[in-house]
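In the block that follows, a single chain appears as structure tokens, in the form predicted on its own.
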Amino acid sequence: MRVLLIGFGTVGQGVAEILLEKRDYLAKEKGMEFNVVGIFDKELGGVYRPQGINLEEALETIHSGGNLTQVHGESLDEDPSGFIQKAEAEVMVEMTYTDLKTAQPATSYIRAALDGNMHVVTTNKGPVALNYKDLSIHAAENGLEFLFEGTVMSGTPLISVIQENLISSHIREVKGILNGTTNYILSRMEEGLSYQKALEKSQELGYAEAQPEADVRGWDALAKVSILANVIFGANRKPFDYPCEGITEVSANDLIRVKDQGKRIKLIGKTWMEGNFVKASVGPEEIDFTHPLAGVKGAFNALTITTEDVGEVTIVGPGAGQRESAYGVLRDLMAIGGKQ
């Protein structure tokens, strides 16, 4: 399968690395070959080569401070929408930055790929949170796959488990810890650190960005909850239509107080059905020690899926990271490859 990579930052480079590492395994054990023919990045430029791009060369060039126009092939400096439509490929992997207000330019790239008869894999929360219904219908009408495993819990299997294994079990609610940065901060605050000290420590470790608002104000978790509401319950609302509260008002004293009561405060994102209406929210909640979510510490994510038929199922795993996100993409590529 010929593949386009749109976005070659941390995740895009991770995808290139994992495709190189697992190339022999995929060919010998799975009968699959993924040949990257185009790479485009807003900051790093682009390159297109129908015979296949040398990924080792691309990575070495970027790591040494160069850009993609220096890689062997046709240099690209145009808007990728035009490039996507005319490129010869079977699948596009979209990994650009997330914009929760407009979902652009990612949604335009995805539409261009679907119009060009390409399957789409994305790690970008924006298009799935804001435009899931339209994009999934667009893909289905063209007999194409639109996959996004990495948008909610990175490489931890979640979307595929829900869609392939649990969707017929009558899901009533999903709730959980969907942002590792805030979970790490709350875990350290429970140990006695102030919010500011815990935030600074998370930034030192690379969990939180220099501008951490999307994490600490709950916006990242809100995007993921919106995706789950769309996929599971067929919602068609925008993330900021739902109530959202972050952890900026939670104090170390709050955490110590509820711990003495046998509880922990976690930033919980959840979505559920209330009559005929889909509900969703993000905010701090007190979780009893006996619940699986209470024991999830550090930068891990966890989601409890409540069903009519099998009760509660809790999935725990890393929710971010270059390697983890790259694996989420690989899982989706293999799912598409398995249907060819």
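Numbers for residues come from their place in the sequence shown, where the first is 1. Computed from a predicted structure; not experimentally measured. Basically, rigid core = biggest C-alpha set you can superpose within 1.5 Å across the two forms.
Below, we turn to the form predicted together with a small molecule, even though it does not appear here.
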Position in contact with the small molecule when the complex is considered in the predicted complex, options Lys175, Arg264, Lys125, His119, heavy atoms within 4.5 Å: Lys125
Candidate from Gly246, Gly180, Pro80, Pro239 lying within 4.5 Å of the small molecule in the predicted complex - any heavy atom: Gly180
Touches the small molecule in the predicted complex: Val316 (any heavy atom, 4.5 Å): no
Interface membership of Glu209, the small molecule in the predicted complex, 4.5 Å heavy atom rule: yes
Contact of Asp215 with the small molecule in the predicted complex (heavy atom, 4.5 Å): yes
Distance check, Ala320 to the small molecule in the predicted complex, heavy atom within 4.5 Å: yes
Contact stretch among 201 to 209, 246 to 254, 82 to 90, 67 to 75 - heavy atom within 4.5 Å of the small molecule in the predicted complex: 201 to 209
Flag for Ser168, CA shift 2 Å or larger between the shown form and the other one after aligning core: no
Per-residue C-alpha change between the shown form and the other one, Gly116, threshold 2 Å, rigid core fit: no
Core-superposed C-alpha of Pro105 shifting 2 Å or more between the shown form and the other one: no
